[in-house]
Structure formats: structure tokens, C-alpha cells
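A lone chain, given as C-alpha cells: the form predicted alone.
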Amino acid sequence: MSAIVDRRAVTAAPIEEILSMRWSPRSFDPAAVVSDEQVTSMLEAARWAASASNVQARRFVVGKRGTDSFARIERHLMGFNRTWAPNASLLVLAIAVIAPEGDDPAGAHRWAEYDTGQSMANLASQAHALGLHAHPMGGIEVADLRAEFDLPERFVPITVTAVGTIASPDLLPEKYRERETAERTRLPLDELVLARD
């Protein structure tokens, strides 16, 4: 089996190691188990992410592999995600609460998706601190997940994040192995930053 490679980011300036080493693998160990303590630690990190006006407009559905919740999330993954994500130890459905209860769900909390993303970034960083990896997925069946968990209209499924222990790229179908070990890239800062004084 191929060795698991160091995927450290090549950065234009020094950043914290937990950030430079964080990446989103697709090859997870199908036998690895996350403990209840690890799950709680990741959820606590998500809970304490920044929140506009402290509204905390995010909710989560968490399923460990082999549980009903995991299966209910897994069946609504799309495309290639259905191939690799079932090997993860944990699936976390992140939900933005776009309006208060009883209000018109037409975007009263217009920042809810942003705050939900911040909470999942915290979760991914905490996973890495625990020796785990996290891979967020946008390829999900939003309407079907809402129906699956009987979510009100103001609850919008945003992503599903797979969490687990990294495994050899050899566990992936051949055409995806190269992506697992390819050099990580990002746009340069001068393309991302529109103004800086």
C-alpha cells in the first residue's frame, strides 16, 4: 500500500501548524472509531465559533458509522461522495438556521450560512488537533436531508463533513488516488485580496 504523504501547505507567510497541516482526505480507515469524548470535543469547538449577535444560528446532526443517523445522512450524499464517505468514522450534517422560530424564513439571519461555516471550520481544526481528519462536502441532497430529519423550512442543510482516521490512497478507486497525493494549491494572495492598505 502507498505511504500516507505529508500534505503541509506551502504558505506565503508562516501560519499555525494546525492550519497548514489541515487538509481534506477522501481515504478513511473503515475500521477506525472515534470516541464519544472526541465527538464532544469537536462539537464544543463548533459551539464556540464566532456567532453574529450570539444568535448561534446553526444546528448539527451527528452520526457514527454503523448508527441509524449515519445511514440516514449517508443515503443523501451525491456522486463520488457516496463511494468514499461511508468509510469515515463520523458524518456531521451542518444546518443553518436562517430565521428565528415563528418568523418568515426568508433570510432574517442572512449571516447564518457564514456562521455555520465558521463552526465547521472550528470542528475541522479540532478534529486535526485530535489526530483526525475532516472533509466537508457540498454534494448533498438538501431537500431530501430536510425531509429525512423532518427539519422546519427555516433549517437549511449546508454541508456534510466526514471525520475519521486517514488511510492509504490505495483504498480509493484508481482514478482518484492521484488527487489524494497531488500538491495542494491555493490562489495567491494578490488574486484574493482586492484592496490592502
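In this text, residue numbers run from 1 along the sequence as written. Since we're looking at a predicted model, the values are computed, not measured.
There is another form of this protein, the form predicted in complex with a small molecule, and it is not shown here; the text below is about that form.
Mapping the unseen interface onto this chain, residue 26 counts among the residues with a heavy atom inside 4.5 Å of the small molecule in the model of the complex. In the model of the complex, residue 131 stays away from the small molecule, with no heavy atom inside 4.5 Å.
Looking at residue 38, you'd find every heavy atom of it more than 4.5 angstroms from the small molecule in the model of the complex. Although the partner is absent here, residue 159 sits close enough that one of its heavy atoms falls within 4.5 Å of the small molecule in the model of the complex. Heavy atoms within 4.5 Å of the small molecule in the model of the complex are found in exactly one of 38-46, 61-69, 149-157, 136-144, that being 136-144.
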